[in-house]
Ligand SMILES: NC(=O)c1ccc[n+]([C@@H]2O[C@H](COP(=O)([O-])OP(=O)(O)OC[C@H]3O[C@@H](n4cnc5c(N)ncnc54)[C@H](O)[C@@H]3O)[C@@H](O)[C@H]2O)c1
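As a starting point, one isolated chain is supplied in structure tokens, in the form predicted alone.
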């Protein structure tokens, strides 16, 4: 079918990026052609390659496919490894972007050849901009899915991917598998004056975040939020407001559904489930405002001041929204007639 349509389709530069992306997912030949002229973000055992900018900041290393192929061949790898790249994005000029894991090669050798450093993605999110982080998060999630989906769950036979890496099919019965995301609710709870944050043992020193948990089968967003908050801190929600959503690659690919919620100021006593959380507590507006001003995470040995999730995380967005709302509320109260 595509062999006929390719003669009448407009050139890639004329197609909107989303349409072009869809074409590449459906047409292996077109995708392979786009790969040869595209960019590749390298990973090593799911850690992305970052390069230092002239300003001393870090950025994802977007390498030309030809350069990646040269590096691979120089390090003794078959240049065909490039074909294992997965499609993740498309620039406005319809230059396709891919991700490739080169974990089979020596890490230091690749870093030296590419003048970069492979860094754990969780740490990377504290260093990258909000525009750069999502493509690496998507890339890691897709690469991990391919690494863990090599066999059909029905037959046990090998599955084979299409060129874009947007699906895998069973070699025996043709069942097609697509990457999946698990729905996760995340909520910033407020009693009107303070917001509630929790801490897990795996968090960096001093870091607290909004409460979150996976949705159970058959649950609605609201049911999952009420259950999670009741289980983790023993509170009953009064109202729930949806904020926004975000893809999140940890621990596996998740769709984070961010919300705000309130509890009665008369019922704020916490009953923390320490099997779920290391700690949870209420924070004042002053504490949150100070934490938002911090630019670098506390170092080992420093006093564990409050540290918030990276700006790329929906939890940070919820905290920022709550802070702005509280500041606006205080401003309105101060401007009322008769206020001091």
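Residue numbers count along the first chain shown, from 1. Treat the numbers as computed from the prediction; the structure is a model and nothing was measured.
Below: the form predicted together with the ligand, not depicted.
**Student:** Could you check which residue among 186, 99, 197, 164 gets a heavy atom within 4.5 Å of the ligand in the model of the complex?
**Tutor:** After the contact test, the surviving option is 186.
**Student:** Which listed residue (140, 94, 159, 209) meets the criterion of a heavy atom within 4.5 Å of the ligand in the model of the complex?
**Tutor:** The residue from 140, 94, 159, 209 that makes the contact is 209.
**Student:** Kindly indicate whether 60, 111 and 125 are, all three, within 4.5 angstroms of the ligand in the model of the complex, using heavy atoms.
**Tutor:** No, the candidate spot makes no contact with the ligand.
**Student:** Only one of 69-77, 210-218, 259-267, 233-241 gets a heavy atom within 4.5 Å of the ligand in the model of the complex; which is it?
**Tutor:** Within 4.5 Å of the partner lies stretch 210-218.
**Student:** Might residue 246 be said to contact the ligand in the model of the complex, defining contact as any heavy atom within 4.5 Å?
**Tutor:** Output for residue 246 is yes: heavy atoms within 4.5 Å of the ligand.
**Student:** Would you please decide whether residue 182 lies within 4.5 angstroms of the ligand in the model of the complex, comparing each non-hydrogen atom pair?
**Tutor:** Flag for residue 182 set to yes.
**Student:** Test of understanding: in the model of the complex, would residue 26 fall inside 4.5 Å of the ligand by heavy atoms?
**Tutor:** No.
**Student:** Is there a non-hydrogen atom of residue 315 within 4.5 angstroms of a non-hydrogen atom of the ligand in the model of the complex?
**Tutor:** Residue 315 belongs to the contact set for the ligand.
**Student:** Could you list which residues of 271-296 come within 4.5 Å of the ligand in the model of the complex, counting heavy atoms only?
**Tutor:** The stretch 271-296, when checked against the ligand in the model of the complex, contributes only 276 at the 4.5 Å heavy-atom cut-off.
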